[in-house]
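Here you get one chain, nothing else, as structure tokens; it is the form predicted on its own.
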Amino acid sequence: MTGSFYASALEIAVSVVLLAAMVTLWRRSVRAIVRSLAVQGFGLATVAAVLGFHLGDPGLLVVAALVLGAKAVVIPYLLTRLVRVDPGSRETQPLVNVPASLVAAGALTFLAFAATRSVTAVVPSIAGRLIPVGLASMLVGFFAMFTRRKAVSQIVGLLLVDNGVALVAFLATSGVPLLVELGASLDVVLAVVVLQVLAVQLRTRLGAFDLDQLTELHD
């Protein structure tokens, strides 16, 4: 893989990860938010694949396939099944409206680049200078968790944070060991399965996925 093609492919894949995170703040439909998460998983898998081809590391290619299966297929599929049982699957009243959320996402991106300036100086490579994008994706995920009312949207926010952590690991270390990524992916899938079961039980018993409604029921 030539240097220019490697740089372009890596930059495009990393950009897809960040843009998909921002789309989750833009869209109100929970189905669309889950689809954006799947796109982000595809972008993350592409990052691992590009690094694997560039470094000639078969282990990274296996990690890319693992990430693709878990984060772009299995987890979005489980969340889609969860959304199907909730007829009101829209973020109608997030704590922060869409325009303000997008402005906040832009501010968090600038903050990520400013905060990691010293880190990118220590890792003077094409992958190293893209580390701030991973941190930005993490911050957007935290923002989504704190400002969305639907339980599924908050699960997606948590997964955005996890994907951001994985992206930073890929870019900073040129990949993570296969067993580490396998364990992390299985943990995330298990967490989503457990959350799906709990959410279905809540819907069956209480008829709500909206956290405000659940709080009112608790009160």
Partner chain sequence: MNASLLAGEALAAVVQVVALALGAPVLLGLMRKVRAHFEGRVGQPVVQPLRDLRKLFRKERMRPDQATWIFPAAPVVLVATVAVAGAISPLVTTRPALGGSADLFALVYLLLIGSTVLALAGMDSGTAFGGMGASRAVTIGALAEPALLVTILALSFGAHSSNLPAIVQATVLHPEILATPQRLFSLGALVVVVVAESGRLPVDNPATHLELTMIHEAMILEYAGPDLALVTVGEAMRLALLLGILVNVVAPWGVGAADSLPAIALGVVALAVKVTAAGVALAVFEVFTAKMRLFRLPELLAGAFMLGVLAVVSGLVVR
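Positions refer to the first chain, counted from 1. Being a predicted model, the structure only gives us computed values, none of them experimental.
The same protein also has a form predicted together with the partner chain, omitted here; what follows describes it.
Residue contact with the partner chain in the predicted bound form: residue 26 places a heavy atom within 4.5 Å of it. Although the partner is absent here, residue 113 lies within 4.5 Å of the partner chain in the predicted bound form, judged by heavy atoms. For the chain shown alone, residue 129 is a contact residue for the partner chain in the predicted bound form, at least one non-hydrogen atom being within 4.5 angstroms. The partner chain in the predicted bound form is not approached by residue 74, whose heavy atoms all lie more than 4.5 angstroms from it. Applying a 4.5 Å heavy atom cutoff to the partner chain in the predicted bound form picks out 103, 106, 109, 110, 113 from 103 to 122, in order along the sequence.
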